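Form predicted alone, single chain, as structure tokens, below.
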Amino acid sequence: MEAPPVTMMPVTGGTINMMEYLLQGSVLDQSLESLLHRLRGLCDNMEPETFLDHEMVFLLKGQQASPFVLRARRSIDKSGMPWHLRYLGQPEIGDKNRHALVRNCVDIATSDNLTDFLVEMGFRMDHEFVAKGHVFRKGIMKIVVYKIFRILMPGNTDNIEPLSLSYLVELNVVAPAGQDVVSDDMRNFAEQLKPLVHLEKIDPKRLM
């Protein structure tokens, strides 16, 4: 995968030209049930939504130093759902006291010939994976707990294996630019999940 952290938003809706506020962490497989139990007590929905998605990451290389990245995602377990095309901008440097990573986020629903369209536009698929997990909600906050699976045969989402022995955890808010106060609410919520999971403002440059 490329350096920027991947955000697992299940394909159930789209938000156009907004800012994403994000905290990330992980838990080992054996700690999953304890975390889900804590989230059931803290969140609005006691029983989380579930998702099983297939995501393909496309690159368009030009004269710029880094390629342009778009993500195509579809639901595997929910028939009739549209494909989604997602663009995640570079994280804003901004105020270092801001408690969450902030980046531009464009998410649109598309027709099912999305991947053909991207190839015609000159994009090349870099990698693909399956994401399976749970979605909790607390007000405008979305908490996603998921596992990434490697696809062993290109295009065959039935032939997969876990990428690691842990689950990724993301606390996410999508809001108009300038709503930095939401990062305070996110930090307060994240504190309630310790010590089960430590959600942090991840600097993508640290992953390079």
Partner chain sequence: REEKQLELTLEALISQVADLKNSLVSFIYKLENEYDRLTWPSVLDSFALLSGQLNTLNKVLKHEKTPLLRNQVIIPLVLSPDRDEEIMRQTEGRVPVFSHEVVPDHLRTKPDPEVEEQEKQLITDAARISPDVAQKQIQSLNKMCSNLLEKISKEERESESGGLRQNKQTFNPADTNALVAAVAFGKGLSNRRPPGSGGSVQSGQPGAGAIIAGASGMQQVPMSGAPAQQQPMLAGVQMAQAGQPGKMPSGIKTNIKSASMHPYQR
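Predicted, not measured: the structure shown is a model, and the values here were computed from it. Residue numbers count along the first chain shown, from 1.
Although it is not shown, the form predicted together with its partner chain is what the next lines describe.
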* in the model of the complex, Q179 touching its partner chain (heavy atom, 4.5 Å) -> no
* To do: Find out whether any non-hydrogen atom of L42 is located within 4.5 angstroms of its partner chain in the model of the complex, and reply yes or no.
  => no
* Even though its partner chain is not shown here, does S66 get within 4.5 Å of it in the model of the complex, heavy atoms only? -> no
* Asked: So in the model of the complex, does D53 come within 4.5 Å of its partner chain, heavy atom to heavy atom?
  -> no
* Establish, in the model of the complex, whether A72, K138 and D185 all lie within 4.5 Å of its partner chain, using non-hydrogen atoms for the distance. => no
* Check each of R98, K78, H127, K132 and return the one that places a heavy atom within 4.5 angstroms of its partner chain in the model of the complex. => H127
* Asked: Using a 4.5 Å cut-off on heavy atoms, what residues in 44-68 are near its partner chain in the model of the complex?
  -> K61
